[in-house]
Every structure is written in structure tokens, then in C-alpha cells.
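Below you will find one chain, with nothing else, as C-alpha cells; this is the form predicted alone, and questions on how it binds or moves follow later.
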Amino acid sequence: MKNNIIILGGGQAGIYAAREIRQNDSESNIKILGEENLLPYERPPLSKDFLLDKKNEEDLYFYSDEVLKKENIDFEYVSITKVDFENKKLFTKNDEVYFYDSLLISTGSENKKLSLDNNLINDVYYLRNLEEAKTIKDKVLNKNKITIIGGGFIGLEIASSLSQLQKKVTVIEIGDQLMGRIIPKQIADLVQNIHLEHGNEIILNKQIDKIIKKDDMYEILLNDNSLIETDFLIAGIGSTPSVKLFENTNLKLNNGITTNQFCETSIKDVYAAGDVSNFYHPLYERNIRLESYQHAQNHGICAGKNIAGVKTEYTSIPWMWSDQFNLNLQLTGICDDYDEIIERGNDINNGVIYFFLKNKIIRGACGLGIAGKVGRDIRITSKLTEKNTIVDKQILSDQNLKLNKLIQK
């Protein structure tokens, strides 16, 4: 009998898993169930090149219908409302039933929403999917003063794009630095200075007490009694894994779906990959949940191998990036478990990187530079981290010495 493999979630992790399964298994039925009425597409450009008209919708899709048909991968647009793990069934709201032998959950994550008065709920915009990006792109055309609530990656990327569209942008961040959840303060401060140089206003350490709508404008009252006037509101205040469907089941949840290094969940024949998975990383010896392009792709591939019976441990070093103005920010590994910081470079025109070491081994690094300046060194750093290489701090700190010397040692 052919196995029925269902992938719940039509994003990047799901499509890469499906194609990997097919490479290792030519017989099983593979079906992807996606809620959006679209084939899987890239999300990072939504806040950057798509808003700036450098990429259009057609440029975003990973694969065409023809590719999926050729590989015998079915894709259906459907919303699942109930899961029966015991009997391996998925149900729609119309009580249609999907049976599976193996299930991959790649439902991604969803935006956290601001707590607002009912009359303002539709006045704040979020960017998570293509439809929301289209809406923002269309509505900002005749807006001038835009306020972005949240100083994380998504908020700052939108701020950069809208600034380049000649909009007056204010960013309000509740914390004492930008990108505070994952980016070292040294790098965050450099990014903040670039935004200020381009005319964006950055407000840190402030909470919103009240938003008042006045005709086509909004007044934002902050907790220091200062007032901001704006004509468009965008929020980017983080996200949560999309696990509501599984909350009253036996599936183990903890900041996402708990998985081991083989993408296996607490339930046999059920796997999880991408943003929704809180996975065990053998190198760091702890569980991590990541939201990044490369992770979604690599984790999907790893899940696909394991579903197809090719036992594969997920050991990829975390890596993510953000493009803002002409700057490229990159982060590899983890930067919250270290006993020493080494700085390489002091000028973002040539690239600045901070290395986070523990016992003379790089645990993580974060770099910022004009596009193209830090990528190579960050890639080498990932390899050094993966191999647990004891590094020469002199080579790390001296920009005149190439990092690949550390690999050859």
C-alpha cells in the first residue's frame, strides 16, 4: 500500500519537505494543505523589495503548478479545524476528512496583535503575508506620516522601505534598544543611527497609553505624556507559533511544537518543521524556536528526509539576515550564551562583526555592513561554530587577517 503523507501548512518548510520526500520516495501520496489561496512563496521580500516595487508577485513563488504536478505533489487550499491524532484524521469545518499515515505540521507563526479599542481594530495594519503586503503597499501611497509600533526586524525593514518612498516614519519601541530579542546592543545602536541619518524618528523605552482617531489622523499618547500625530499605523510586535489547532490534544507544546533533532513530535508519525517547531539542537544542547528563511528551508528538508525514512539529525547553525537601506545585517548561531565578546572592525562601510565566545569557541556572531561586506565572514563563522573550533582571538579581531585561516589551522 502507498503511504499517505500530509503536510499541514503551505509555506516554505512545507514545500521543501514535500520535494525532499519525493526525491527519496517515488511512491507515496504527498498532499500539501495550505490555507492561503496561493502556492508557497517567499516572505522576506514582502517588507523590502515588494514594497519598493523591485519585485512583483510572480517573482515570489518558489515553484510553479507545473513543477508540483511533474513531481506528483498535490496542493489543496483548505482550512483544517480539527485533528484526531489517534485515528490519523484531519477534519475541515464541513466535516471533510483527510487520512494520513505520516503528518508534517508546518503551520508557521502568526502576528501578535495590539490590544485596541474595538473602533480601532481595523485601523492598524500588520505584515505577515502577501495580501497584507499588498494592502499596505496600496494604502501608503497617499499617506505621509507613518508610525510603526515595534522596533524588530519587520518594523525596521518596513521603516526603511517607506523612508525610501519619501514617507515620514516614526518607530516606537517599548524596549531600550532596537531588535532587542536577538540582536546585540552594539549592532542595534549602529542600525538606529542609520535610520536617524535617513530621517526616521526612533522612540525607545516608551509605551502607548492611548490611540485617538481624529478624522483621517491619529493621535498616539505615550506614557511620558508626549503626543505623536500620524495618518497610518503599522504594528510589528512579534509573533507566536500557530498551534491553536493542537491546544486540546496530546501533542506536546512549549513555545511551539516540541520536536527532537529528527523533527519528530511527541506523537508517532507526526513531525513538525519551520517556525512552529521548538526543536532540539544537538550542538547547543537545548530547544530553540527560529523564524528565518534558511531555517524554514533546511528544517523542511530535514523533516522530509526523516518522513521518507532517511534518518537525519538537524544540526544546521541558525542564520538570519535583514536588509535595511543599503545595509545588510547577518546573525549566525546564538548570541546569548558567552563569556567573551570580540569585535572585528569599527566602520560599517567595511563591516563590523561581534563574535560571542564561550571557552574560546564561537557560539554566535552578528555583523553589519554595506551589502556584501560581512556575508563571507559570517559564513566562515558558521562553519567554525559547527566544528566547535577553538579560535585565535587575534585573527578574529584583526580585519586584515582572513578568517579562513582559522579553518585551515
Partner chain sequence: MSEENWIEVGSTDSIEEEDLIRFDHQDKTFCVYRLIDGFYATDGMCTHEAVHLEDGLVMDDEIECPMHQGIFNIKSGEALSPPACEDLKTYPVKVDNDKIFIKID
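Positions refer to the first chain, counted from 1. None of these values were measured; they are calculated from a predicted model.
Not on display, but discussed next: the form predicted in complex with the partner chain.
Have a look at Tyr284, Phe262, Trp319, Phe85 for me and say which one sits with a heavy atom within 4.5 Å of the partner chain in the model of the complex.
Checking each option against the partner chain in the model of the complex, the one that comes within 4.5 Å is Trp319.
4.5 Å heavy atom contact with the partner chain in the model of the complex for all of Lys112, Lys358 and Lys360:
Not a single listed residue reaches the partner chain in the model of the complex, so no.
Using a 4.5 Å heavy atom cut-off, state whether Lys405 contacts the partner chain in the model of the complex.
Answer yes; at least one heavy atom of Lys405 falls within 4.5 Å of the partner chain in the model of the complex.
State yes or no: in the model of the complex, is some non-hydrogen atom of Arg344 no more than 4.5 angstroms from a non-hydrogen atom of the partner chain?
Flag for Arg344 set to no.
Looking at the partner-bound form in the model of the complex, is Lys70 within 4.5 Å of the partner chain by any heavy atom?
Taking the distances in the model of the complex, the answer for Lys70 is no, it never comes within 4.5 Å of the partner chain.
Close approach of Lys373 to the partner chain in the model of the complex, 4.5 Å, heavy atom
Within the cut-off, so yes.
Only one of 211-219, 291-299, 160-168, 192-200 gets a heavy atom within 4.5 Å of the partner chain in the model of the complex; which is it?
Result of the contact check: 291-299.
Would you mind checking 36-52 for residues with a heavy atom within 4.5 Å of the partner chain in the model of the complex?
Sequence-ordered list: Glu42, Asp49.
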